[in-house]
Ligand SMILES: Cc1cc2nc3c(=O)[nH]c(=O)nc-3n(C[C@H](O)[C@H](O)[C@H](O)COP(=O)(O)OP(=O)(O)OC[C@H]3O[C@@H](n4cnc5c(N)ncnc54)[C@H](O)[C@@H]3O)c2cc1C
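Okay, so here's just one chain, in structure tokens, the form predicted alone.
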């Protein structure tokens, strides 16, 4: 098979990789996207939650087939079944069909001139390009957008096992996300229900050291009758960004760079902007050949998300150390005024402050606060 040379080869055809390709191709450079699966957007690991302001920042207006649902509220449930509800309307939260969403970005990239090749994967970065499953290809910059799989060998303590089923059931509330906290069943994480359409939802669990499939089956059995129409099993990364986004002629973006939220593992916005920032920096480098222009990518991402991710990592370290008794105490202490404040002033995309407010509610978690006082003060500060 005869190959042409490319300026940039992007390994991974998900949000970050496709947005990076879109930006570079828009400047007239030759871009090839390699997607190892049979189809862009498959398998769909993500819950698909994002805000409308985030979509604006990514330069995407969802098409009708891309937008699954609008979320009005989020219900949090304790181990014993206590609950409180947050109003999600001020945060403009929507649910995307990730398969269609990725295809929409792929179309943008292709319209700008990028080439997309499925069932093709990166094997190795070499001096003058990359070795792929189709052979050797010359390029100036290689972009790693292969997701969590690129991180597993780096640090296995940063991953949790997750399972997510797409289900049909009559117990699904179409306008409400549900989050179940239980450190015994889902240590270090939670279970979730994300409604997509009437009587349809993505239902999942993640946790440290659990059999995610078995735990999810048990969760669904407690909820009631359902039909599972799709099952996905995948690790998620919760340890924050890697130290270096750029190494030589390799640029790392998205989940592969640890740009998913440490609190929820969601990354459409933070990873997507990572792809855009990288694409713009790569374009400048291709014009100037100045390595400092590539470094602008990490500087811009860190300026946008660095402080927030530090706070989310701190929040994660606190939440992981709370037992179920402490979680029950937190739920007992929540007041209508605190819920109203968080709902009104909180941000779906930058939510560390909302977590801090929940943990710092007056009178809540007294025992835990005695242990975690310094960390909690840092988070609230």
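Positions refer to the first chain, counted from 1. Everything numeric in this text was worked out from a predicted model, so none of it was measured.
Below: the form predicted in complex with the named molecule, not depicted.
Contact with the named molecule in the predicted bound form holds for all three of 48, 121 and 147, each having a heavy atom within 4.5 Å. Among heavy atoms of residue 98, some come within 4.5 Å of the named molecule in the predicted bound form. Though the partner is left out of this view, residue 192 does reach within 4.5 Å of the named molecule in the predicted bound form, counting heavy atoms only.
Mapping the unseen interface onto this chain, residue 9 falls outside it, with no heavy atom inside 4.5 Å of the named molecule in the predicted bound form. Interface membership of residue 164, defined by any non-hydrogen atom within 4.5 Å of the named molecule in the predicted bound form, is confirmed. Exactly one listed residue, out of 116, 265, 294, 210, brings a non-hydrogen atom to within 4.5 Å of the named molecule in the predicted bound form: 265.
This chain appears without its partner; in the predicted bound form, the one residue of 76, 220, 139, 234 with a heavy atom within 4.5 Å of the named molecule is 234. Segments offered: 282 to 290, 249 to 257, 223 to 231, 80 to 88. Contacting the named molecule in the predicted bound form at heavy atom distances within 4.5 Å is 249 to 257. Within 4.5 angstroms of the named molecule in the predicted bound form, the stretch 20 to 40 places a non-hydrogen atom from each of 34, 35, 36, 37, taken in sequence order.
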